[in-house]
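A single chain, nothing else alongside it, follows as C-alpha cells in the form predicted alone.
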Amino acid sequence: MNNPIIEDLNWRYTTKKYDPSRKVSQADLDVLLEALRLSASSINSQPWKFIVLESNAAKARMKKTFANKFQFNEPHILESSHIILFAHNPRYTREDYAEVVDNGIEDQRTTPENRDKAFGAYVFAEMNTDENGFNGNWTKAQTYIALGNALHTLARLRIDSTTMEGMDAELVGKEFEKELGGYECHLALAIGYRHPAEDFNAKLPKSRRRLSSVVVRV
C-alpha cells in the first residue's frame, strides 16, 4: 500500500541498540511534546504527566531503578537520547477535571455560564472510581493512547523508540517521587537513533498478523 501513514508505520520498530552519539534536536522534541499534549483521552481527562529525562544526572537516577530487575532495558537509559516517563493520576478527582473545564473556557470551547454543565462528563470518571477513590486502572489506560500517538509521531519524525513496560515501577516511584507528585509510572519510552551496526532488529523484516486475521468487516 502506497500511503505516507503506512510508510511511517512500516519504518518504525522497537529499537534494541541506540547510538549514544546522536541526540534528538530540540525542535523535534518540541513537536513530540506538543503531540503528547494533544493526545486524546476519555472525557478529555488528560490524567497524565510526561517526565522528560534528558540530563545525564536524571538518566543516572533512572539507571539506578534497574537494580533488581529488567536489566535488559537498562542500556537504553544512558544510550538513548531521552527517556520519557508516562505517569498517570491514580486518584483523579472532580477538582482535577476542573482544570480541564476551565481550560475549555479559556480556549472558548465552553462558555463561562455553561461551566457547571461541562462537568456532566465527569460521571464517566465516577463510574471508574472505587469506594476508596481509586481509578488508576482507568487513568493508566489513557497513557497508552498517548503512547500510540507518540510512536506514530516519532515514526513521522524518523526518530527511533523503545517502549519499556519492563521497569521497576516501585523504584521509579521512589526515585522520582518529587517529580511524580502523587502520580504513578508503569511505562517509559526511550527515544533516539538506532546504532547503525549493532541494532539487530533493524535488519529483520517487519512481521505482523495478516489483515484477515485481525479485521472483521460486517
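Fair warning: this is a prediction, and the values are worked out from it, not measured in the lab. Just count from 1 along the sequence shown to find any residue number.
What follows is about the form predicted in complex with a small molecule, which we do not show.
K.L.:
Hey, with the small molecule in the model of the complex, do K17, S21 and Y193 all fall inside the 4.5 Å heavy atom range?
P.N.:
No, the whole trio is out of contact, none within 4.5 Å by any heavy atom.
K.L.:
Is Y144 close enough to touch the small molecule in the model of the complex, meaning at least one heavy atom pair within 4.5 Å?
P.N.:
The answer is yes: Y144 has a heavy atom within 4.5 Å of the small molecule.
K.L.:
Counting only non-hydrogen atoms and a 4.5 angstroms cut-off, does T162 reach the small molecule in the model of the complex?
P.N.:
Although the small molecule is absent here, T162 would touch it in the model of the complex, with heavy atoms inside 4.5 Å.
K.L.:
Within a 4.5 Å heavy atom cut-off, is R208 in contact with the small molecule in the model of the complex?
P.N.:
Although the small molecule is absent here, R208 would touch it in the model of the complex, with heavy atoms inside 4.5 Å.
K.L.:
Might F124 be said to contact the small molecule in the model of the complex, defining contact as any heavy atom within 4.5 Å?
P.N.:
The answer is no: F124 has no heavy atom within 4.5 Å of the small molecule.
K.L.:
Tell me the stretch among 72 to 80, 135 to 143, 112 to 120, 87 to 95 that has any heavy atom within 4.5 angstroms of the small molecule in the model of the complex.
P.N.:
Contact-bearing stretch, as computed: 72 to 80.
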